[in-house]
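Presented below, as structure tokens, is a lone chain in the form predicted on its own.
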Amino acid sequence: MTGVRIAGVGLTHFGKHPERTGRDLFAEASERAFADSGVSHDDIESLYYGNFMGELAEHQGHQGPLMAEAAGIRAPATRYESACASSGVAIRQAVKDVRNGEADAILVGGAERMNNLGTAGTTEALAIAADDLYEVRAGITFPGAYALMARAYFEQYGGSKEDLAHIAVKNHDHALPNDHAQFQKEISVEQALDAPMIAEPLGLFDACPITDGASAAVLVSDEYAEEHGLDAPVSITGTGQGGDRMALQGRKHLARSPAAEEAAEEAYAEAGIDAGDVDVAEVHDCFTIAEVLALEALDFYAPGEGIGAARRGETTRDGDCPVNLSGGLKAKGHPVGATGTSQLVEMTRILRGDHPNSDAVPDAKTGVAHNAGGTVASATVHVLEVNE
């Protein structure tokens, strides 16, 4: 079985771009990935593309072929939809196809256009990632759902709003040098605690923003990289995917995320590592409490111990295992269908040493990217390692 190299990566700026179409955003991200890779457009054998709400935001389905055209390739193209984990799932399929010899070069990525819908329209569109019958019709929105998960966590393990505020402060601090980030803005714990409440105990600074953006990566086999003399020092050595009941009411746990635990276990086993081998991580912090659940699902902390990690400085850029050096979804932004690939892009650059925060982890060899859909009814985990 061949290995999977990350030949090149590309991102647009994440932020408010209501005047730009999804195809325009993905054209920019994919062209950056091609320029970074040295791979010819003509060598791409497939496009796997993540998008969640294109029918609602742009009245556009069947986006695979459209995005292949935008990227300047002629190859079979498939759209993947798994809510906020859409492009994480697309990456996983690309890894499998390269490994099993189906293809030597694949373009993978995602895009989302959201701000053109406005806040109310985007909230309504995102709600289709929840169970319409048992959650949406009862009035649950995603801020409300994650607030229920935070309350359950506090009740079972303890923790406070101040613990969550330290996560928001950390991720805003990490985003300061990242020119792709939506918020290059420092905040304080006091500002986070004093922000307007959106769903008790979550305030405004506990939530990620509404974001437009796109991301892309060119994945190739070991043989292709060697034959073409590519400088591709980072490989994907593990991929995992897990699932859970869609509605919160049907779950065994509200204070844990079993889908991500399953995905991590599978990815670690493939890579032949455990949590203690991970030097740096990008995790799905759509809300601050989601970062806590991710840290524990990835086995960085036992259940109940991840809540204080940011407050203790363990996940900051100076900590033992920095988390979300990109700024995370919280400050870099969360264009839903693009998020999974954007985590891959940021982690690749961190491990290569050309990310603005690479100096925080100069000796890092192993990184993890964790992408979650909805309230973690779906999840993917990928292990990235620097080739020896």
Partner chain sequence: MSDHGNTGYDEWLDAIAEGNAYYLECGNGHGSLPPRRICPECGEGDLEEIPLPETGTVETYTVVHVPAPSFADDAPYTTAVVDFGPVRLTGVTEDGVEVGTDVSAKISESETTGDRLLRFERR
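Numbering follows the first chain given and starts at 1. Predicted, not measured: the structure shown is a model, and the values here were computed from it.
Quick note: we don't show the form predicted together with its partner chain, though the next part is all about it.
K.L.:
Would you point out which of 217-225, 185-193, 134-142, 74-82 contains residues with a non-hydrogen atom within 4.5 Å of its partner chain in the predicted bound form?
P.N.:
Looking at the partner contacts, the answer comes out as 134-142.
K.L.:
Counting non-hydrogen atoms within 4.5 angstroms of its partner chain in the predicted bound form, say which of A199, A103, I273, L230 makes the cut.
P.N.:
Comparing distances to its partner chain in the predicted bound form, the residue within 4.5 Å is A199.
K.L.:
Of the residues E155, E305, D299, E162, which one places a heavy atom within 4.5 Å of its partner chain in the predicted bound form?
P.N.:
That would be E155.
K.L.:
Counting only non-hydrogen atoms and a 4.5 angstroms cut-off, does N116 reach its partner chain in the predicted bound form?
P.N.:
Contact with its partner chain, no.
K.L.:
In the predicted bound form, is there a heavy atom of its partner chain that lies within 4.5 Å of any heavy atom of R311, even though the partner is absent here?
P.N.:
R311 lies outside the contact set for its partner chain.
K.L.:
Does R245 reach its partner chain in the predicted bound form, with heavy atoms at most 4.5 Å apart?
P.N.:
Yes - in the predicted bound form, heavy atoms of R245 and its partner chain come within 4.5 Å of each other.
K.L.:
May I ask you to check whether P177 falls inside a 4.5 Å heavy atom distance of its partner chain in the predicted bound form?
P.N.:
P177: no contact with its partner chain in the predicted bound form.
K.L.:
Answer yes or no: in the predicted bound form, does its partner chain come within 4.5 Å of a heavy atom in every one of V169, D318 and R349?
P.N.:
No, because V169, D318 and R349 lack any heavy atom that approaches its partner chain to within 4.5 Å in the predicted bound form.
K.L.:
Give, in sequence order, every residue of 254-284 that has a heavy atom within 4.5 Å of its partner chain in the predicted bound form, or say none if there are no such residues.
P.N.:
Contacting residue: only L254.
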